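In the block that follows, a single chain appears as structure tokens, in the form predicted on its own.
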Amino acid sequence: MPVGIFDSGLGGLTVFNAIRQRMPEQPLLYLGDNKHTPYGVRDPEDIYELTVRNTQQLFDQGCDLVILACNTASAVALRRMQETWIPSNKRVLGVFVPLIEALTERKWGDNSPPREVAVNQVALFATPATVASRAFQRELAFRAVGVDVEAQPCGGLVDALEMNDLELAEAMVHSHVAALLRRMPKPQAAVLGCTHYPILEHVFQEALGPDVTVYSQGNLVAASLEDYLRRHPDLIGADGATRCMTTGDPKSVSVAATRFLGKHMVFEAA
């Protein structure tokens, strides 16, 4: 059976690609809600309703496990979904946990009290909705104490990447990094809290400087999923089949996805 991967647009393809490279035998079904992208400027109720609708579509396509490869959906909708909506025979995972595991160097199953960690100055770059939710800070507080998180809402960056305007996107990265550094001059680590942003990881690194460790999600989520499937072998598939669906126009999304990921991508209508 396929693992479902959902994103508001193209950003989750960075997670899709990392999983594909790490587990080529695992079937995957990607769904991008390109018709309604970006989510990062929407209100919480709208984000919740869209996330539920698209997750249900992946369930209907045979996915028993869905990854919300969208930080905004993970931050705003996931907890409510887990508490009130997800059927008992289905599972939905977000993308914050692998980041926090890497940042705090402790596994999510470690339920010991929060403790001090090596990194205590963290820059968070994310969509306005993710920043407003404070979900990253909330989840981090369960695992670590004494960590100062300075969050920068990166308005417009997802739009630029969806339009494949890399020149504009790179300029935006430098502007957002400069704004954050005025408030936190010496971060030890930077978290790219949107799955679109790894496409510009090198630009973030350049703007932040070589002394800042940049965490992005693709490889971290892929490694976490591999561990999760090892512990839940009933969810493992073996035929390696992949499909990509979109709520937008399949032809234009296929072109944009090919440019975004740098490899040929074909989308079908959801």
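The numbering used is simple: start at 1 and walk along the sequence shown. Computed from a predicted model, the values in this text were never measured in an experiment.
One more form of this protein should be noted, the form predicted in complex with D-glutamic acid (DGL), which is absent from this view; the next part is about it.
Q: In the model of the complex, which of the stretches 51 to 59, 38 to 46, 239 to 247, 208 to 216 has residues with heavy atoms within 4.5 Å of D-glutamic acid (DGL)?
A: It is the stretch 38 to 46.
Q: Classify V191 as contacting or not contacting D-glutamic acid (DGL) in the model of the complex by the rule of any non-hydrogen atom within 4.5 angstroms, answering yes or no.
A: No, V191 is distant from the partner.
Q: Classify V158 as contacting or not contacting D-glutamic acid (DGL) in the model of the complex by the rule of any non-hydrogen atom within 4.5 angstroms, answering yes or no.
A: Answer yes; at least one heavy atom of V158 falls within 4.5 Å of D-glutamic acid (DGL) in the model of the complex.
Q: Even though the chain is shown alone, can you say which residues of 1 to 21 have a heavy atom within 4.5 Å of D-glutamic acid (DGL) in the model of the complex?
A: Residues within 4.5 Å: D7, S8, G11.
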